[in-house]
Structures are given as structure tokens and as C-alpha cells.
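Next up: just one chain, as C-alpha cells, the form predicted alone.
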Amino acid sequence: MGKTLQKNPLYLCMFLLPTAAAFLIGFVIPFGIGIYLSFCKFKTMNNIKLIGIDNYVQVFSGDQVFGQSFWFTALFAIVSTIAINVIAFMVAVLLTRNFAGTNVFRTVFFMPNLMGGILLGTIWKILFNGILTNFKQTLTSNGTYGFVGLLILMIWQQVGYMMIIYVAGLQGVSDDIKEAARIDGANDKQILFKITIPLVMPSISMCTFLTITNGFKLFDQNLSLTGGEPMHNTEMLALNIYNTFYGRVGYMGVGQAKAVVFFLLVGAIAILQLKLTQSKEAD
């Protein structure tokens, strides 16, 4: 098969064509149109007016809620990334030890990741409000409640998925290396920080990338759990863009400009994070 593809590149193009067409139609073209619309003012696609960088000027100088949403999202992404990865790694370490029922526990931890964000947000909203009403409060009474609620929901949903990646990484660490370290006098703490963690850095890089991007992109859980209340204090960037585009008449261009800024921001942070974590990977 390989020799046939080398002799006849046309066959290779035929195999690549469906995927390339789907990528072009589903991503490249809409993305290009979106960038163009960010420089326009419009209400429908039939009355587009090119206005230059006015939308971007309004994003950075005339929208305080967008800045507030950015700092809230950044804080949430940092805290959730640390919490999810620490908890997931600890659970993975426990579930790679030889005791009965490890596969059952792995399945139980992973199951929340299979549930939709809207459903999870609705369920946890009922639970949180049921507790807070005993103190004459609700989830949207205070921005702190909303932040903590989102954090708990995110941890509960994502820990199982990250745990599976860490389990795969930990299973790739040879027991012979650990045994040699113990013979040389290393204790469990030294083995963990000097051997295990450096050897599973590829898994750490992947999990950190996924959690930090998921933290910045969080939308459906935010919409169903708090809706950005109170007073936009728990409104994350994705929800702010949605509310700008669909909730304010004549602001579709501004919402599109926010989406472009959001894409560049998340892309830059993800690339920086990958470079930092991959530089720590053991050869």
C-alpha cells in the first residue's frame, strides 16, 4: 500500500481530499469570514458595512465588562488548572497501585466527563442553592459563591479525564527504575519528585494544556450554573462574547471582534504553556 501511494501521489490526494474539504468548509472559511466581520458593523448578513478597527477600539476602551470577564476567567483558569491536575495526579497514583477494584474506581471517576455541561450546571445549581438557602443565600448572591461553584463543578467533571492520561503516563514508568532508586537509598518522596514526575512530564504537559484551555473556553457550565450573575461578576469570556453578539442589538461586530481577540489570547497562552512544560520533559 505504501509503495502504491509513493508511486501514485494521486491516490494520496484522494484519501486526503474528504478531510481537507471538511476542514476547509468547517473551519478555514468560517474563520476567515469571522475575521472579516470583526471589522464590520452588521445586523444581518445582508447589511454589512466595513468600519475598520472601530469594533476593536470599542472592545479595549469602551467595554469594562469584557475586562472584568477576562480577569475572572484568567483567575478561574489558573486555579482550576492547578486544582484539577493536582487532584487528578494524586488519584492516578492511588489507582496505579495493586488493589482490588481499581478499574471500577477509574470508571466512576471518569463518568462525570461524559455528561453535558448544561446538564451538569443545572444539577449543581440545584444542589448549591439547596445548601445556600439554609443560610438565606443563593449561588448568584455573591460572585465568590459563583466562582467556587464553577470551580467545584469543573473539578468534578474534569478530574476523571485527566486521571486517565496520568494513569497511562504512570504505567509507562518502569518499576526497575524505582527499585534501583530505593536500593540507592531514595525514599518515596524523592522517588516521586525526582523520578516519577520528570518521567510523566509529557502527560503533565498534555493535561495542563487541556485544563487551561478548557478553563478559558468554559461556556455551557457558566451559562447554566450562574448565567454571569450577579452583575456580570461571574461572566466568563465565552459567555461575555455570546451575550454581546446575541444580547445587544447592533453589537454583533463588537462580539465578533471579541471572538477574534479571545482566539488569539487562548492560542498564545496555550502555546506558551506548552513551551514551558515541554522544556521540563525528561529526555
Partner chain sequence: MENTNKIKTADEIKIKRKTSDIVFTVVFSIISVFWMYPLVMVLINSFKNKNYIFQNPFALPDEKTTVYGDNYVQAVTTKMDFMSALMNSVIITVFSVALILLCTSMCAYYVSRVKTWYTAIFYYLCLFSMIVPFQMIMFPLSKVTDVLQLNTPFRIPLVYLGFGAGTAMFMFSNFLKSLPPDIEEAAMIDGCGPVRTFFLIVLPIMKPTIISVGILETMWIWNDYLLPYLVLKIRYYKTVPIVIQYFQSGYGRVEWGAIMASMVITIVPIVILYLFLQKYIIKGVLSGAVKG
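These numbers were taken from a predicted model, which means no experiment stands behind them. Positions refer to the first chain, counted from 1. Note that the rigid core is defined as the largest set of C-alphas that superpose within 1.5 Å between two forms.
Omitted here: the form predicted together with its partner chain. The next part is about that form.
ask   = According to a 4.5 angstroms non-hydrogen atom cut-off, is R97 in contact with its partner chain in the model of the complex?
value = Because a heavy atom of R97 falls inside 4.5 Å of its partner chain in the model of the complex, the answer is yes.
query = Does G172 reach its partner chain in the model of the complex if we count a contact as any heavy atom within 4.5 Å?
reply = Although its partner chain is absent here, G172 would stay clear of it in the model of the complex, with no heavy atoms inside 4.5 Å.
inquiry  = Contact with its partner chain in the model of the complex for P112, defined as at least one heavy atom pair within 4.5 Å: yes or no?
reply    = Yes, P112 is a contact residue.
task = State yes or no: in the model of the complex, is some non-hydrogen atom of F42 no more than 4.5 angstroms from a non-hydrogen atom of its partner chain?
result = Result yes; F42 sits at the interface with its partner chain in the model of the complex.
inquiry  = Please pick out the stretch from 78 to 86, 157 to 165, 143 to 151, 189 to 197 that is in contact with its partner chain in the model of the complex, where contact means heavy atoms within 4.5 Å.
reply    = Checking each option against the 4.5 Å cut-off leaves 157 to 165.
key: I118, M201, A74, A181 - the one with a heavy atom within 4.5 Å of its partner chain in the model of the complex   = Flagged contact: I118.
Residues in 30 to 60 close to its partner chain in the model of the complex, defined by a heavy atom within 4.5 Å, in order = Contacting residues: P30, F31, I33, G34, I35, L37, F42, M45.
inquiry  = If the two forms are fitted on the core, does I271 show a Cα displacement reaching 2 angstroms between the shown form and the other one?
reply    = Comparing forms between the shown form and the other one, the I271 CA shifts at least 2 Å.
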